[in-house]
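First structure 1, then structure 2: two forms of the same chain, each alone, as structure tokens.
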Structure 1
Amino acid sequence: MKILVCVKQAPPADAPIKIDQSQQWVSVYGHALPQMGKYDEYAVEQAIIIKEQVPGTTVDAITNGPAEWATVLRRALGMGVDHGIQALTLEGGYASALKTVSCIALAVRARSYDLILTGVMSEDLAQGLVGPMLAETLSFSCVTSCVSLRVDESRNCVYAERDIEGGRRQLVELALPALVTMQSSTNRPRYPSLSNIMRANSQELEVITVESSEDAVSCEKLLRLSSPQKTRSAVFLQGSSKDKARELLSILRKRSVLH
């Protein structure tokens, strides 16, 4: 079984960010280190679980981004991925899903994977698009937002559980080759093991450059970034923590939610 996992780098959810001067992207300040997306970690974890269950499985990871994103490939190798592919782009910043998909598709089309895993959404753009669009581009069968996955090689299929609204799950059988996007679950992504980290640091990454065949016209354009509109205008309580506590108690009493 040949598996590919798509991973990308993003600042952590609570990193302080501000819009940069170009109004086209953000800069992250403070010490927050960019890391692999949370859902991408679940995808890597799922790939490694399959590798442990199905003999002869190899797992590659790919990232389509600037040179710094090599760190997420090293992280994936540390978790147990066999091989890292870096599809280099010259710059970071906003990337249209269409463009990302066409780059990844060009890089992987000839490699005949049986299964491709992605995160359900990325941490920064949170589009939920790259996985299912890639599947369609490669003519893979596809199911999104899965919390568990089981491969049946003899029947050439995977069984997936999709997490859907209302605390329900949809059970789906998918023919291989398939692309599945992973949602978070109780499967905690493992930490890189020491031996894998040593291997990851000495291992060569495969670096390729792919030119998107997608002309710029068909991609959306990012015009401007700004601060979001507020739905309600929060009153920020002032003073020390204790002052705020007293003030909140008094507000809640006035609203009669507290007696």
Structure 2
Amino acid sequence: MKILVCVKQAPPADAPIKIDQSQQWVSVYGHALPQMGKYDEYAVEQAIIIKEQVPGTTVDAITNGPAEWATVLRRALGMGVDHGIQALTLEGGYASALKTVSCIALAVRARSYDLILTGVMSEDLAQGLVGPMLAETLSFSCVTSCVSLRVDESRNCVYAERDIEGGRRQLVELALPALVTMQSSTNRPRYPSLSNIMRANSQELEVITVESSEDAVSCEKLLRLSSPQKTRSAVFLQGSSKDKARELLSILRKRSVLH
């Protein structure tokens, strides 16, 4: 069985973000080192679990971006991925979902993967588009927001468990080849061992120079980034508890919260 995991570089959640002078993307995230997105880590972990359960399974990881984004592939290799593929593009910064999908599809279309895993969304754009759009481009069956997977080789299918409304779970059967997007689950991403880190740092990555199609480039254009503006200020109530209660009641009535 051949599995592909799509991974992306992301800033740490607590890193300061500053819009650069071009207003097209954010500047370097202070002194914090970029890392793999948390949902991508769950996707890698699920792929490694399947590899341990199904003999003969191989797992590749792919990222799309400039050369310095190869750090996320090293992380995936350290977790247990067999092979890293970098779909190299000349520019970093913002890339539309369609452009990303176009580049990845060009790099993997002829590789005959049985299962592709992605995070449910990236941490920078949080759109949740790349997985379903890639499945449509490759004509794969697709299910999103899964928490666990089980492969049935005898039936050539995968069973995906996903969260739905009301705190319930839905079990979906997908014929292979399939694409699944992963969200947080009980399978906590493993920390790479020292031996795996050393192996990952010395392993050669496969680098493919790709360019998205003109349709992908022209379909969407980023105009500018801006920080949200403050629209209202906080009000601190003064006085005794009775005075504060009276003032709060007056505010709620003025805003038609209470009548």
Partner chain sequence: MERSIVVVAEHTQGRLTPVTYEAMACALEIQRIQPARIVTVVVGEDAVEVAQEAIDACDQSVLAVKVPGLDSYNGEAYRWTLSHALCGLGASWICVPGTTQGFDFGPGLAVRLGASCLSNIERVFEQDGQPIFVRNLFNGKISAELSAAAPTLLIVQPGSFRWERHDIKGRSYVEVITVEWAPTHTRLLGFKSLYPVDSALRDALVIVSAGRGIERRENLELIHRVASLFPRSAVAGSRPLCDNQWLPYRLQVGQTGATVAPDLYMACGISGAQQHLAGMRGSKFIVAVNTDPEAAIFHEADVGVVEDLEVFLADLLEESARLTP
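A quick note: this is a predicted structure, and the numbers were derived from the prediction, not measured. Residue numbering: structure 1 sequence, from 1.
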Legend entry - Structure identified as the form predicted alone: 2
Legend entry - Rigid-body rotation between structure 1 and structure 2 - hinge position, chosen from R168, L171, P55, T231: T231
Legend entry - Swing of the smaller rigid portion against the larger one between structure 1 and structure 2, to the nearest whole degree: 67
